[in-house]
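The chain below stands alone, shown as structure tokens; this is the form predicted alone.
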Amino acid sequence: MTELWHEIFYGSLPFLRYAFIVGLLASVAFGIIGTFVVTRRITSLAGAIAHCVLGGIGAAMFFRVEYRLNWCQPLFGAIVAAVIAALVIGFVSLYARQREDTIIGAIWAIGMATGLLFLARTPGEVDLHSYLFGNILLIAQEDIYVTLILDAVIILPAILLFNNILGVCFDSDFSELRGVRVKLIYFVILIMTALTIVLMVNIVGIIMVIAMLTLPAAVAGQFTRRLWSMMLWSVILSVLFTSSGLMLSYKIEMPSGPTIVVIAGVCYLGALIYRKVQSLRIK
């Protein structure tokens, strides 16, 4: 273990160090926004946003390669696609007269299919597996600064609007009666969720990012009912899952994304079993 820590901070593999730092920074946003997602019960909406990210990544790569637009980076495309998807899904969930789950499922599929079409037309070989399941080799030093900026954009509104978000998550009707702009707060939550999803695409991938958004908060929710406490424990658990998953994946030479998610999933199942045993003892 000591050798592994030395390799992360002082070794000749900077991508591992960058992945570790980005994972720790992103865990703060994941813990906070994941708590909102689980409490507000918008996991399916977050899943649709996550899969629409592939559309933005595919479009950015296509325009960068085909038209020599070097500024059009995959991360930029992911942010644009995630925010647009969040706004569209927000309008659909609030105003659509059709079945909400059907429309969200359609947006989910269309976003991913669009990305696959763009990638299919992109000249050269594209490592699709890296974007779907994560690849720490994709992380560079610049990603640390981008993560810090996105963290600030996500966390500041969460702190400033905490009471309003709290009211919307637990009782939106009562909050509206008290003068809270519920629909605006709802869109803020969705946009923060979209940016949080973008933060960890490189580490755990598009397919599994929704697991890291919900599992830490779900585990924390088994042991506390206060929102601030749930957020704190979600952040701590996100840090533990990410750091342990990165170290274990490096040790056993397995992909980082699936390793992180498996650790989080095992802890979630363990928390469910523990709570069930405790409830049986009380009875």
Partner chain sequence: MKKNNIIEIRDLDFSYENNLPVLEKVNLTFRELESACIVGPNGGGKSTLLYLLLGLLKPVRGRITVFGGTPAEARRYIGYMPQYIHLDHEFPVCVSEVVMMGRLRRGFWGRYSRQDRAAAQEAMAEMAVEHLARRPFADLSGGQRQRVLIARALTCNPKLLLLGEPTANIDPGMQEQFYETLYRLNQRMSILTVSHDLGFVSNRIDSVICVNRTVQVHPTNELNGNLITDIYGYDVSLIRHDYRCDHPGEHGHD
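Numbering follows the first chain given and starts at 1. Keep in mind it's a predicted model, so treat the numbers as computed, not measured.
This next part talks about the form predicted in complex with its partner chain, which is not shown.
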Original post:
Looking in the model of the complex, is its partner chain within 4.5 Å of a heavy atom from each of 66, 124 and 130?
Top reply: no
Original post:
Applying a 4.5 Å heavy atom distance criterion, does residue 163 contact its partner chain in the model of the complex?
Top reply: yes
Original post:
Is there any non-hydrogen atom of residue 184 lying within 4.5 Å of its partner chain in the model of the complex?
Top reply: yes
Original post:
residue 219 near its partner chain in the model of the complex, any heavy atom under 4.5 Å?
Top reply: no
**OP:** Answer for residue 83 alone: is it within 4.5 Å of its partner chain in the model of the complex, judged on heavy atom distances?
**Re:** no
Original post:
Considering its partner chain in the model of the complex, which of 227, 28, 42, 247 comes within 4.5 Å of it through any heavy atom?
Top reply: 227
Original post:
Of these, 174 to 182, 189 to 197, 74 to 82, 109 to 117, which stretch puts a heavy atom within 4.5 angstroms of its partner chain in the model of the complex?
Top reply: 174 to 182
